[in-house]
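Two versions of one and the same chain are coming, encoded as structure tokens; call them structure 1 and structure 2.
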Structure 1
């Protein structure tokens, strides 16, 4: 029999992340397939109450300590590595989020066990664990077999619907005593909240999303014009924000905001998983991209294979002809 399945129950600032439930849903399937137990591993401080929401697991290992209050990769690894070495397990599912990134790689490096990143799916085939992974900015999928236990699987958001990982039933809880390093070399100091005052993208019904395909700062005006006639707001991918063409408050995706407008234009955005995470629940997505293989066309409802610089003036004109400017003040 293979070992148990573990899921890192990611908690951040007192809340369990959605992806934890996705991981539990996938972990449940793996555990049922192999006849093993599913265990959630909850690390933090004063997190006992959060454990009750993890009932999809057979039990929860609770690692509670003041020094674990913030998810610092090296500190978490410090308490997780000995536990992993001591217990027999087949796989440890760890969310690949901004909160938990690095924990999986470090654990695998330290314990010399296999790691697989960007997992969308996993299952046992003839007793051997296989994973399906998203690579190259979402353009390629790989089927991967792991050679050895435990395997560290970096779970990509969207692997399973989170509802499948929830349960009303509280799980059994095992308190695990841990001794984190009293003088960690990485210390959390404080959070810096995002600047308020700019538009809240999450309240918008129409968003005009811009990516690197817009090419330069001057062309941003083309997107502003379209947003103007639609009564929407311009937002963008990481590339555009990193270039300084849009403020941080307008970034959509993994480290930006998650938005759910009625209409999302994706203009010159490749559709990397980190961006898609933030906009895939939009009501209608219209993508414009010169690359017919851009992954954004997998997310979009309508696609236009073409140059956004050429299309934008025509599109803005056409919409303006049908509708007076929403707010020309």
Structure 2
């Protein structure tokens, strides 16, 4: 290992993303293992004030230019590639989100350096970098030995608790002068807000999430009955929404909403990282799945190995029986 550790500080619409702090937590571990410096790389326009929140890093490289105001992958790579070529670093940790997706792979291809995506962990072993990655929707984990520097690591959400990547201490800031292409081939036009649905899942305290295990649209009534007894709302994974059994406004996950209810039922949901990303901050997660090895059990507080079609009617009856009678006054 011959260089420093970098973390791309993902910012969107004037705010630092949570996954940035996850990356800083992992980056801090790698830097401490190798005796290297940890540097955050903040790219944007008029974003210097955001650097003060990145104190877990030893310093922040701030790349500021009007063309960098929006995270367009080709423009970001245009300014990051020369910087990587002139500075020594061992690894560059880049978030894998809808905002930053594509930057790492594009950068690695342009510089012809190794890249590993979907990383949930990384460490140095005998001076060489190793990464642990999730494949096939979390069904397989792979240990990858990285040959060559710098290594581009695409960091999967949930790699570390974001709290471990925060610090109240302001870091040293280095302003880096950049000259991106004045006529980029790809330009950001506008951000279109999603249409509001019949309910805002982000405001709900109880959510009943359903996945492929619900089998068909007729069985959705079972989940609706449970939600009605609990005073909650039904939501779903991408597979359920794609089938048309729920509207798009009820989708939870990477391609949907991020929710934080007090109680989240995961019924017939396998627990692919794309879905877990949207509900992993729930106060209590209760999972039901026929597969005892389903990844959802890794994030659930309580788990039941069983068929949701058989369980839901019994569970709904039991909860209804325990509810106090309605006030007739």
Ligand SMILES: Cc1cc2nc3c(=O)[nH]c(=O)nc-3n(C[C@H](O)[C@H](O)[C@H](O)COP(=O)(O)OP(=O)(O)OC[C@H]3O[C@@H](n4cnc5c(N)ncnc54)[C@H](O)[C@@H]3O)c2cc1C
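Keep in mind that what you see is a predicted model, and the values were worked out from it rather than measured. Residue numbers count along the first chain shown, from 1. Rigid core (definition): largest C-alpha set, two forms, superposition within 1.5 Å.
In this comparison the chain labelled structure 2 is the form predicted alone, and the other chain is not. Fitting the two forms on the rigid core leaves the C-alpha of residue 19 displaced by under 2 angstroms between structure 1 and structure 2. In this overlay on the rigid core, residue 165 has a C-alpha that sits less than 2 Å away from its partner position between structure 1 and structure 2.
Relative to the superposed core, residue 9 undergoes a C-alpha shift smaller than 2 Å between structure 1 and structure 2.
Comparison between structure 1 and structure 2 places the CA of residue 313 6.8 angstrom away from its other position, after core fitting.
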